[in-house]
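Here you get one chain, nothing else, as structure tokens; it is the form predicted on its own.
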Amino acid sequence: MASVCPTKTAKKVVGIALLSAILLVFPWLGPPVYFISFLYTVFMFVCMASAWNLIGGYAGYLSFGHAAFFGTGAYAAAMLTKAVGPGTASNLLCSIPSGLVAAVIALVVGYPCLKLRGPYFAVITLCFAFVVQLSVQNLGVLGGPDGLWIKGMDLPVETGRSILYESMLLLMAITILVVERIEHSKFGAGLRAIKQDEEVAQTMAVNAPRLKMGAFALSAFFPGVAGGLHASYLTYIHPTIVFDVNMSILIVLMALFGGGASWLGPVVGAVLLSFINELLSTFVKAELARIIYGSLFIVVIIFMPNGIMEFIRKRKQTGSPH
């Protein structure tokens, strides 16, 4: 048995390295724009679902307001780009402080909101997303209802699109790595203890308020960076686009669909649902696609309440010989 585990680990490492190499070179092989755009969107949702899992999956605080952090990052990057001047470097680098802006807002909002639990926290975060969208829509300095135009990179369109594709791929990889490390750290253990029973966790010397604030801020940082990159990708942002509450709901569903108990669940959920949504949108009428999409979630909630990954794991345990 000792020789089996290293072999399996080596195969996983080789598989991940091969997949990463294929994804890295893909945009430079001259594929249709549709495929680059679709994979870019998949990377973005994997990043956001994985980040959301820190507060929603590990700590058990279901936030429906993460579109606010994504939109905040988009507008922060747009304003920073205007201030420093557009360019390839500035368009990319401005997305990093935009993530910090989103994290600071999460700390300010989280201080009072994280004292609430269960449906109260879910409702207050949903209301927060609506308030931020309406506020931005009525601020003239941010473009108001007309939105903001952002000057693209000083590069050919195909090259700029490929660079943003690579940037979102890198952000996704960093997010997954950070979440995976947290899962196996004391920080992650503390968050899981909070999810099981917050009062008991505090009696066991778990600093619940500090851990929740840290997880909430970190879960907002990566969507904020993603929003900053997406602003450059779109070159035009509008409150109804980047603050779309449906995005918040979709992120939650992706994480729960795959399973919030591990770092891999949101990744699998985001990838699967992105492909399913694209297939339904392409080959099925919009009304029927929504019915099928909703029915799929009902089936998963009934038969796989802990997500696909947990369902598969239990099936393997049941089928494995003892």
Partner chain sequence: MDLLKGTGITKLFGGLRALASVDFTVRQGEIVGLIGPNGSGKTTLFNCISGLYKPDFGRIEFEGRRISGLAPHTIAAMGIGRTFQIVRPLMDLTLRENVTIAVLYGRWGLSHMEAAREKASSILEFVGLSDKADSHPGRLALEDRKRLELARALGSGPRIILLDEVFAGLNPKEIEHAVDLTFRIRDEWGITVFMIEHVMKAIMSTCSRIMALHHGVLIADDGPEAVANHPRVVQAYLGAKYARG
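Positions refer to the first chain, counted from 1. Just so it is clear, the model here is predicted, and its values are computed rather than measured.
Keep in mind the form predicted in complex with the partner chain is missing from the figure; the text below concerns it.
Comment: the partner chain is not present in this chain, but in the predicted complex one of P209, G144, P97, G160 has a heavy atom within 4.5 Å of it, namely P209.
Interface residue among M204, V108, L134, L177, judged by heavy atoms within 4.5 Å of the partner chain in the predicted complex: M204. Of the heavy atoms in H184, some are within 4.5 Å of the partner chain in the predicted complex. Residue contact with the partner chain in the predicted complex: G190 places a heavy atom within 4.5 Å of it. Within 4.5 Å of any heavy atom of the partner chain in the predicted complex lies no heavy atom of D154.
The closest non-hydrogen atom of Q196 lies within 4.5 Å of the partner chain in the predicted complex.
Shown alone, this chain has one stretch from 135-143, 196-204, 69-77, 163-171 that lies within 4.5 Å of the partner chain in the predicted complex by heavy atoms: 196-204.
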